[in-house]
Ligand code: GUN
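A single chain comes next, written as structure tokens; it is the form predicted alone.
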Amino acid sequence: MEDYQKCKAYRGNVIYSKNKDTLISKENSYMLVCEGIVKGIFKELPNGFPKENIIDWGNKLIIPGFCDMHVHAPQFLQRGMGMDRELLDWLKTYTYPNESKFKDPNHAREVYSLFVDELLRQGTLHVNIFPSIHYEASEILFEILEQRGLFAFTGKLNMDQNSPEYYIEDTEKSLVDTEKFIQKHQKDGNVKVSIVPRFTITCSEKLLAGLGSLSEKYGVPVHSHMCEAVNTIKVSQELFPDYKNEAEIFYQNNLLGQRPTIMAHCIFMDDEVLKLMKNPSCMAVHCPDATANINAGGIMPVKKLLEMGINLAIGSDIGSGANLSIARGIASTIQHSKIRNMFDSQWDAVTLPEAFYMATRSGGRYFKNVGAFEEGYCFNALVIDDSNMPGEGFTPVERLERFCYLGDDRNIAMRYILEKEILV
């Protein structure tokens, strides 16, 4: 008889993505978990399984924890502000003054603690984060993420041009500090380091080339913005006339696809950009609420990119996004695709399985074995209690859809990271 003393069985309605088209739904089933790792899902438990190791969630849903694959931690306090501005004006008026305050370590610790608390409250257990340019504040963010147990990537933000004098770096110091940060945090653990050039407008060619060399030297992934808005693309072309597009700027400087690369927004991609982004090491992050709030001039063609096989995920992108809920992001992704379909009928609207896949398993590919419940995956899970929503006879998948449209953090009964209960 196998020894199940170190295992637990979580009973409920288990839902996860098999692929972009298929949701696996196992009603009234037991998920067997041993030392934080999923061993399988069963209708009946093996003979001899200890009853005291059964955690019975009854009729509740058990789903993978969400992945927020593009979010600005320093912008947590500016959510919902300046939503009538265009992007570059919004950055100048709100974002740069706000982010400059993170020079103060006490301010950084206070805000980043609130930020991480809210991530967990909203069910985000895996996150890819933009910091500020400040080394000490970035250290504080890394430390808080480790303490709270999230799976995360973050680094030290880089920007050395076209930025206000109170919020800009010397190129060489930016590279030295980035290498120092990488060397300190290049270790095993669930929080890992990334290279974070803000975007092409605020990074000189020398800085981008230096960051590309560091990415190659240490094997560090890259996180930035690309093809976000009509006006940013125009300015980028003026600054880098020797390159065809923003993707080529990153690619030629060793920052696109040579290592795992996440690019936020990716709304305006021509065929040459799409070819580079089809690299399996690349991922584009759809930030629907942010796109709607700070008008980018378009909507990501999500359905087209999914069918092309480009890796996609969802990001809250606070502060231009106003809510850290990725469940809300699932609903917004579907809604935006319907609006796009009104003007481009070639592509159908995004389905619930596709959007849920982006928010869990697809985003989770950036980490190791998260975002699903197959054997060998981490038990990073949410328990959803939708008993406050009236109605009977709905399937678990229908209830999941309803949660994404109607629910909020109060419907999350429990959060698990590697089987550990996370309290908020």
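We number the residues from 1 along the sequence you see. Quick caveat: nothing in here was measured; it's all calculated off a predicted structure.
The next section is about a form of this same protein that is not shown, the form predicted in complex with the ligand.
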* Asked: Wondering, does Glu228 line up within 4.5 Å of the ligand in the predicted complex on heavy atoms?
  -> yes
* Using a 4.5 Å heavy atom cut-off, state whether Arg198 contacts the ligand in the predicted complex. => yes
* Answer yes if any heavy atom of Ser320 is within 4.5 Å of a heavy atom of the ligand in the predicted complex; otherwise answer no. => yes
* Asked: Are any of the heavy atoms in Leu87 no more than 4.5 Å from a heavy atom of the ligand in the predicted complex?
  -> yes
* Structure fact -> Answer among 187-195, 70-78, 348-356, 165-173 for heavy atoms within 4.5 Å of the ligand in the predicted complex: the stretch 70-78
* Structure fact -> Picking from Thr95, Asn253, Ser215, Asn293, the single residue whose non-hydrogen atoms come within 4.5 angstroms of the ligand in the predicted complex is Thr95
* Work out which of His223, His126, His134, His265 lies within 4.5 Å of the ligand in the predicted complex, going by heavy atoms. => His265
